[in-house]
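Presented as structure tokens, the chain that follows is alone, the form predicted on its own.
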Amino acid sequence: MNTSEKYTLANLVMDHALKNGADQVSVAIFDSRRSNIDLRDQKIDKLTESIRNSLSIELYVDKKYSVHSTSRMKKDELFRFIEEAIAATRFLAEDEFRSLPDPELYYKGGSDDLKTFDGNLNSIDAKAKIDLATMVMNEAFGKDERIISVTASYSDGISNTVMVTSNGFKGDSSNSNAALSAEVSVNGGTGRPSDYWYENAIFYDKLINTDIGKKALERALNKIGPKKIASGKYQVLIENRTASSVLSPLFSALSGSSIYQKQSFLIGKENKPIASTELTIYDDPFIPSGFGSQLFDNEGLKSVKRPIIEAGVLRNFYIDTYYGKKLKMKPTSGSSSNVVFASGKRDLKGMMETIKKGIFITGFNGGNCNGSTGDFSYGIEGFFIENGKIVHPVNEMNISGNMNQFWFNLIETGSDVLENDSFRTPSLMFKDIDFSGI
């Protein structure tokens, strides 16, 4: 179906639901195509392609709410599906807070193209994709006698969505992405260290396709010969591609559901300092070809660029319509778009050179964070730094603390912003962080 046909079907479904007793209705029609190629040690290990079409309908019936989805697109089958869904909804408990958003908050069209879709991906044949994965594979395979295995992957996908609601929203969006990655495992004597590297892009012709296997191999080899170091407080530098692990608890605590369920350590802290003045984060949905760019969210709420944290002060939560009503807060959006950090002046190397004694974290292994209290403990992978230089890899170490204090220990953000992700993180440097041996 093309976009016009999807709108026609969505409106037909919506009207039928209203005629059969629904008070409010939201309908989304979604289609996607994904392909994935994995090569292991120069042989094709997996080659898959999937095509998905589905219709999702949210029903508000007598103060009761339900969501249903189907891949059946024939009109008669859809009508029967809707009638049965409405009948089932009537058996649910009432929830007075359930309703569609205020129409004044909807996206109403007319914005610039955010350039999030590459229609040319459909014309790339399988051989070209395999050739790219093979090129990544050959950058690492056989390049060192300590290599145990090399995996190289190519993947891409496109998706299209049309959404309408019974109180006036109408919108459609299209997205695409292509990615290349490599993972290398090596013989480390007493272990099998491994690491990876990846590149991705919205447009196929912008996809970086060199040095991926080489970087994965270098990173794996650098992990050979880890040593334990004494427990204590260390200065810590967290690599940009790894920083999302410590950001995840922070953003979970910003959600309306966490706040309402008392699972957020940020309750009651709006417009109060929650981090050092070095931390400034914006949610910016309008970055051209950004991985999280969008004109509206999954409720149809108009996208807005807004500060999340300004110089350490919490400015906004992520609140959808439902939890906005429960919390008596104005809806913003229930999810993030592009999370943008104010970056510093020094790159990773420049930041590392300032550390007299510390730890450079390149990965996290397990652990958890208590959403209510902010207490956390994570296993880490990384390197011991002394006088601005890497001395040796470290393992069997935990980083621990409390998120309410952790972010006040941030002393610098890097200039090395990660641009191929919706979380556009720089490397982050902290002081006086607790590390302990396992």
Partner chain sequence: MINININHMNLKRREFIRLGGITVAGSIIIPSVFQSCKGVSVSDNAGSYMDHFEVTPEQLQKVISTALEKGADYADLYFEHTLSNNCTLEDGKVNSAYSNIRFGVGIRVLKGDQTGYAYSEEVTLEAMLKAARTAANIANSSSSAGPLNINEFQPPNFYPVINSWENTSIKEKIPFLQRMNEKVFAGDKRVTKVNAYLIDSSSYIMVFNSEGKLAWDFRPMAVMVAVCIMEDQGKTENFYVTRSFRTGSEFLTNDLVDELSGEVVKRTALLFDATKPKAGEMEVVMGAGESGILLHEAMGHAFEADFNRKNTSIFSDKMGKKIAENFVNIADDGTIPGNRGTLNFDDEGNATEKTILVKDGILNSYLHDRISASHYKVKPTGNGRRQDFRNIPIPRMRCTYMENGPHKREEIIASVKNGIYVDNFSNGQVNIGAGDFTFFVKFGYLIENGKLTRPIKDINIIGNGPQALADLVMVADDKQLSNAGATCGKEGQGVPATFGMPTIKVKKLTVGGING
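Positions refer to the first chain, counted from 1. Throughout, rigid core stands for the largest set of C-alpha atoms superposing within 1.5 Å between the two forms. Because the structure is predicted, anything quoted here is derived from the model rather than measured.
Form predicted together with the partner chain: not shown, discussed below.
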Just give me the single entry in Y107, Y323, Y282, Y318 that has a non-hydrogen atom within 4.5 angstroms of the partner chain in the predicted complex.
-> Y323
Check each of S149, S111, S289, S159 and return the one that places a heavy atom within 4.5 angstroms of the partner chain in the predicted complex.
-> S149
Interface membership of N404, the partner chain in the predicted complex, 4.5 Å heavy atom rule = no
Contact test in the predicted complex: D205 vs the partner chain, heavy atoms, 4.5 Å = no
K389: heavy atom within 4.5 Å of the partner chain in the predicted complex?
-> no
Taking the shortest heavy atom distance, is Y260 within 4.5 Å of the partner chain in the predicted complex?
-> yes
When the partner chain is placed as it is in the predicted complex, which of 292 to 300, 207 to 215, 328 to 336, 189 to 197 ends up with heavy atoms within 4.5 Å of it?
-> 189 to 197
Within 4.5 Å of the partner chain in the predicted complex: residues from 47 to 63 (heavy atom criterion) = L47, T48, E49, S50, I51, R52, N53
Once the core is aligned, please say if the CA of F81 is shifted by at least 2 angstroms between this form and the one not shown.
-> yes
